[in-house]
Ligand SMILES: Cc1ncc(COP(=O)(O)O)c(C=O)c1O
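We begin with a single chain expressed as structure tokens, specifically the form predicted on its own.
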Amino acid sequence: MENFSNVVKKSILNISPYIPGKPIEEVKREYGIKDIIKLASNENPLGPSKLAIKGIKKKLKELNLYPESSVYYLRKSLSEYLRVKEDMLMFGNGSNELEQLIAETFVEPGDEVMFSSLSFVVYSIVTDITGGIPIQVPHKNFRHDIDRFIEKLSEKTKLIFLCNPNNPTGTIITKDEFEKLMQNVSQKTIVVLDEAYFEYVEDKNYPDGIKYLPKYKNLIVLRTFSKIYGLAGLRIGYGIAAPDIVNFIERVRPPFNVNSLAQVAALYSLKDKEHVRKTIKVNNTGKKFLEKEFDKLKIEYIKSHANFIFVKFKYASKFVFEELLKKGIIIRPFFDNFARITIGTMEQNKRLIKELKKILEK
């Protein structure tokens, strides 16, 4: 077999492929278990809106046609919903694609890209794809250390990724911290505020990125329909930024990158406010239940502002992960004793706790 390591871009050699949460079908094949719950990828346990499903069914007969590349109807509806101009919106095959498009648009080899050392792994991947230099800022008690971010700013800093709430820890950057960073950042540095879990946050000290766009022209806000709207399988995310920034990113965006079913599902999801309210209620109730049960089991955890909880077991998280798999429960192990657990329905949460008790008793 040919070895192309001397042909491929050097920066690509640094990349470890992204490993998502273990799929349900894979667990079925490996363990022969039919009743499986997935609490690994922060998906909405209620599924998509019934209105979204209705919209998808209407669109099925048009699958022979390419989708509208301009995302016209969703753009118009989202513009009204967010109260921003249509030319401030951009759409991607999930917000992940937008993160890569942003890096491809602005980062040249040798430019520095800054992000927290304990945050979404895609930031590191898109940095390497573009040949940028990753500047990983150590976290402080599982939170973004904004003072360290400011210390590491340089003339080479081209891009900053801020995940808020942060994945995998669930912690937030406050309004004061965000303002402090932005006041120290050069206008030549693009700041990306990744708000994938925005809708779950209830803390008054949380900065709503869209409100800062008039003040900071170098700011990009990213959001998604994957989480609270339950459309992870269709892959659709969006960004809001100054029209000039959007225009440059549009030059890099591949045509037809958002499929027609995703567009119509997102459009109908925006109309179903009750589904969002129900999702938030289920999440808040489940979060309180899990925190209470974790306290009883003496499992350490980080207070979360999202739809997942970052926990620390007394044992290696991989051991707990594998033991839960045998019982048909999928969580997301991280380094050492840490793991991320998605908040499910109450039935799913109770099943998780029941099996965790058995594992810890062993």
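The shown structure was predicted, so the numbers you read here are calculated from the model rather than taken from an experiment. Counting begins at 1, following the sequence as shown.
Beyond what is shown, the protein has a form predicted together with the ligand; the following relates to that form.
K.L.:
Is Asn167 close enough to touch the ligand in the predicted bound form, meaning at least one heavy atom pair within 4.5 Å?
P.N.:
Yes - in the predicted bound form, heavy atoms of Asn167 and the ligand come within 4.5 Å of each other.
K.L.:
Can you work out whether Asn96 and the ligand are in contact in the predicted bound form, taking contact to mean some heavy atom pair no more than 4.5 Å apart?
P.N.:
Residue-level check for Asn96: yes, a contact with the ligand.
K.L.:
Under a 4.5 Å heavy atom criterion, is Ala265 part of the interface with the ligand in the predicted bound form?
P.N.:
No - in the predicted bound form, heavy atoms of Ala265 and the ligand never come within 4.5 Å of each other.
K.L.:
Flag Lys227 as yes or no: does it have a non-hydrogen atom within 4.5 angstroms of any non-hydrogen atom of the ligand in the predicted bound form?
P.N.:
Residue-level check for Lys227: yes, a contact with the ligand.
K.L.:
Looking at Tyr206, Phe120, Tyr216, Phe106, which is the one with a non-hydrogen atom within 4.5 Å of the ligand in the predicted bound form?
P.N.:
Checking each option against the ligand in the predicted bound form, the one that comes within 4.5 Å is Phe120.
K.L.:
Can you pick out, from Arg235, Arg143, Arg75, Lys287, the residue that has a heavy atom within 4.5 Å of the ligand in the predicted bound form?
P.N.:
Contact check passes for Arg235.
K.L.:
Based on heavy atom distances of at most 4.5 Å to the ligand in the predicted bound form, which listed stretch, 87 to 95, 108 to 116, 252 to 260, 183 to 191, is the contact stretch?
P.N.:
Answer to the contact question: 87 to 95.
K.L.:
Can you name the residues of 189 to 212 that have a heavy atom within 4.5 Å of the ligand in the predicted bound form?
P.N.:
Going through 189 to 212 in order - heavy atoms within 4.5 Å of the ligand in the predicted bound form - the hits are Asp194, Ala196, Tyr197.
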